[in-house]
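Only one chain is included here, represented as structure tokens and corresponding to the form predicted on its own.
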Amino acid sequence: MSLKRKVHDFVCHTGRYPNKKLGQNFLIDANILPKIVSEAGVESVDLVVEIGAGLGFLTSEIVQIAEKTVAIEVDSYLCDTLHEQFSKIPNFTLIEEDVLQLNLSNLFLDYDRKNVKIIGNLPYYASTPIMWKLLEYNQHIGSCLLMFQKEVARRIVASPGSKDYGALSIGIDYYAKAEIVLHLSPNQFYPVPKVSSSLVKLTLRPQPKVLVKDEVLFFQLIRSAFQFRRKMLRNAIGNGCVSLDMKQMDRVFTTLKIDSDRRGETLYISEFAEIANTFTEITN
């Protein structure tokens, strides 16, 4: 039976259509499921946490390989179906909860971070908040394979100088190495969304990519540079970081030999780190 037919059967049986408020779009291309598990690098020693397990199509692939599978699903109707399918499978756990409200720490006990893998077909409206939450657990998670709207995925992996490069690109790079591993068309989902999707693999760094002495200042500088991305770097920082002494910031630019007329989109993460660290040294 096709996956699309299974979705239709679920609707007929429960009278429950995919919930737009929860951003439900079920992946119905069966050929993609083993590819997702392969791209996630799932092995027999792994703990896999699946966010948004839906009707269990991908879950069925994961439980065949992973040592332990934890499915997180907020929709009680879907949880009933998941329980029927997988409750008798050893080392399977179902959590009916919004992942943004969960303390995930207890899930990772007894597992080395390299064996903790997250897979998620995320609702687009919550994809970025969920991603940031997962990055907070970089000491416990090895990698994440997450579904995003294609435009968001491009921003996540963008390089300096490109039109998609911005605060999101640098923020992700600080915590993880990001790469797009698969593009999906709207027709591979039901209901058919209005946008294309991309699978992004985040390999979390045990330590941030750059050493910064003041993370608050570091991210404040980045946000300012891209909030006013049409402005030159000095003016953007001056507009965004109103509490900073710009005479001292000018000393920073001079010390680092960074042209303050550059635009933020041309700076690498290492340069933002140097600016933040040098400013901290000068003012302390």
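On a predicted model such as this, the values are computed, not experimentally measured, just so you know. The first residue of the shown sequence is 1; numbering continues from there.
There is another form of this protein, the form predicted together with a small molecule, and it is not shown here; the text below is about that form.
Work out which of the listed stretches, 56 to 64, 211 to 219, 252 to 260, 229 to 237, brings a heavy atom within 4.5 angstroms of the small molecule in the predicted complex.
Single hit among the candidates: 56 to 64.
In the predicted complex, does C144 have a heavy atom within 4.5 Å of the small molecule?
C144: no, not in contact with the small molecule in the predicted complex.
Is there a non-hydrogen atom of N121 within 4.5 angstroms of a non-hydrogen atom of the small molecule in the predicted complex?
Result yes; N121 sits at the interface with the small molecule in the predicted complex.
Indicate whether L22 is a 4.5 Å heavy atom neighbour of the small molecule in the predicted complex.
Taking the distances in the predicted complex, the answer for L22 is yes, it comes within 4.5 Å of the small molecule.
Heavy atoms within 4.5 Å of the small molecule in the predicted complex: does E50 have any?
Answer yes; at least one heavy atom of E50 falls within 4.5 Å of the small molecule in the predicted complex.
Within 4.5 Å, heavy atoms only, which of I72, L134, L107, A176 is in contact with the small molecule in the predicted complex?
Checked against the cut-off, the match is I72.
Heavy atom within 4.5 Å of the small molecule in the predicted complex: which of E151, D112, E97, E84 fits that? Just give me the one.
For this set of options, the contacting one is E97.
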